[in-house]
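Coming up is one lone chain in structure tokens, specifically the form predicted alone.
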Amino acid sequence: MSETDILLCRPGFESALCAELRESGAMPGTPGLGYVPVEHPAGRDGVFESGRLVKAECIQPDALKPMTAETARQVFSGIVARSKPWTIRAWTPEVVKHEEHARRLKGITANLLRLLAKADPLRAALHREPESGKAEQVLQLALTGQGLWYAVCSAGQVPPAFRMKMDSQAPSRSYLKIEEAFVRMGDYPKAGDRVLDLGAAPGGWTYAFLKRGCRVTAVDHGTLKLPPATAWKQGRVTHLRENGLTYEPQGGRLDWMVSDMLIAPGEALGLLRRWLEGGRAHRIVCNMKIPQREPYAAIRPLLQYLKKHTHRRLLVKQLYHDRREITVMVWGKDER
């Protein structure tokens, strides 16, 4: 069995993932579009990793044209057929311009299932679709320039899909980022929560809180484009045309402080330090823009600071809905 793991990431951030892996003591191999092969990687899920095929095996490209029953048997060999329903998770680069790549993987998956049905009807009969919720095993597939990587794991080892559904009334696609943050944190706003949204315009994050009945102070010199509805005008949202970096709220500790501002990583770190060390909010979600060159080097000071200075639940992640940015999530009680 191979000891190679395939770590997936957003295309364009392979070098950032490699740098992160090296700092953890792992030795990444040659990266490809949206993935990095690693021998004996560290167990933790890093900032730039979006998925992982553990102890993956590879079918070479020439063995995929044409595929044979033997190829199917090889790919599905790790599936236990004895009353253990299974499903498939196929990974493709998360960018629109690679739709052709996704179509090719979909075709390969269909052919593999067709060949399996002929070669091993019992195993094929136990296949379940992901939405059924009955799968116990997952066959993970990832198509790369090296070929088709595959690995089998238990359903509980595969991260959930974090592709959020857009709300037609949301003012911007940034709404998807805060909704994903709620899911990853497992912590959701509730009616009456006090929220401060720094850099709020045009209002995607503010909208996510308002629709749940929160009271929001939205700070931004720009215009909010919230949908016309009476409920939004009954004192639950206050728009202040001020600088989110320097704004000082009045009153006690907030339930949420969230920030999605176009500022440099150093400024974002300064903002986080002020809010964390002041204990000003129960939950913090802060989006940090990162540069094109050496993105991991740009966020290293942030990671070092958070490791030393926060004892609350913490997640730093490039979200599915992030682009050239990462998101810092802090919540829960101080564990010191």
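Residue indices: 1-based, along the sequence shown. The shown structure was predicted, so the numbers you read here are calculated from the model rather than taken from an experiment.
Just so you know, the form predicted in complex with a small molecule exists too; it's not on screen, but the next bit is about it.
- For the candidate set 85, 78, 147, 202, a heavy atom within 4.5 Å of the small molecule in the predicted bound form is found for exactly one residue, namely 202.
- Exactly one listed residue, out of 110, 125, 191, 262, brings a non-hydrogen atom to within 4.5 Å of the small molecule in the predicted bound form: 262.
- In short, of 236-244, 150-158, 115-123, 135-143 it is 236-244 that has heavy atoms within 4.5 Å of the small molecule in the predicted bound form.
- Residue contact with the small molecule in the predicted bound form: residue 219 places a heavy atom within 4.5 Å of it.
- For residue 74, no non-hydrogen atom is located within 4.5 Å of the small molecule in the predicted bound form, even though that partner is not displayed.
- The shortest heavy atom separation between residue 175 and the small molecule in the predicted bound form is within 4.5 Å.
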